[in-house]
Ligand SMILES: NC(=O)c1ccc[n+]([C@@H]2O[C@H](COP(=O)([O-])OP(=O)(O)OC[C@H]3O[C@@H](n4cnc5c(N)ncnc54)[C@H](OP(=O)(O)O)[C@@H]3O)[C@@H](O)[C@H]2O)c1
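Have a look below at one chain only, the form predicted on its own, in structure tokens format.
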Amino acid sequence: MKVLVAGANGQIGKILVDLLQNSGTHSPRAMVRKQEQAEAFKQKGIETVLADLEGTVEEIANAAAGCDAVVFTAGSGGKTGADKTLLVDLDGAVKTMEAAEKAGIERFIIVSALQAHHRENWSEAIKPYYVAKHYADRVLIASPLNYTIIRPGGLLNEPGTGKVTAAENLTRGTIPREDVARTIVASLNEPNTYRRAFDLVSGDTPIADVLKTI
């Protein structure tokens, strides 16, 4: 499966691209904004394409052409303001959904945030981020795309364990970014994740087993 990774230069995106490249089953196409980012991926033998989430739907659709799936794991980052959160995490996500439809791609996986579907559980400190995730997820659910919405808990930069807990409602928890990326890969061809949304944190059960029982 050829997978367009939107946000390939992000922390989860970089791990995901490597996992896909080494999976023996899938192949990544890294979507990045800058030529120097593209060069870093090309040096590793990874197919790259330049496109900007603040650009047009057509630009993103051209970047996705020929792919079998799209993963949206992009984000404006914690150092930007609410304006960039709106433009990237919300509008960029929705434009990528529209681009997938335009390119004839059905499979779409998005990385959201723990409890993004419940306003009463949003963190006040990053409320604009939760607003963006909430409404991007709602647009995806209403679309004809074969979606999976993964809502991870607090993200950690430590080695993954390959074991998680996933459910429609988990109120707290953390998870290594590596395990989020592994969950994305495992979800691509797992029918039990099709048109499903779930919270994801570290746990005691192997990822593949969890995804078959959520």
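Just so it is clear, the model here is predicted, and its values are computed rather than measured. Sequential numbering from 1, following the sequence displayed.
What follows is about the form predicted together with the named molecule, which we do not show.
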Review point. Taking the shortest heavy atom distance, is residue 34 within 4.5 Å of the named molecule in the predicted complex?
Key: yes
Review point. Heavy atom to heavy atom, is residue 63 within 4.5 Å of the named molecule in the predicted complex?
Key: no
Check your understanding: Using heavy atoms and a 4.5 Å limit, would one call residue 21 a contact residue for the named molecule in the predicted complex?
Key -> no
Exercise for review: Report yes if any heavy atom of residue 152 sits within 4.5 Å of a heavy atom of the named molecule in the predicted complex; otherwise report no.
Suggested key: yes
Exercise for review: Report the stretch among 116-124, 69-77, 136-144, 98-106 that approaches the named molecule in the predicted complex to within 4.5 Å, counting heavy atoms only.
Suggested key: 69-77
**Study point:** All of 88, 112 and 177 with a heavy atom within 4.5 Å of the named molecule in the predicted complex
**Key:** yes
Study note, to complete from the structure: Across 49-63, the residues having a non-hydrogen atom within 4.5 Å of the named molecule in the predicted complex turn out to be 51, 52, 53, 54
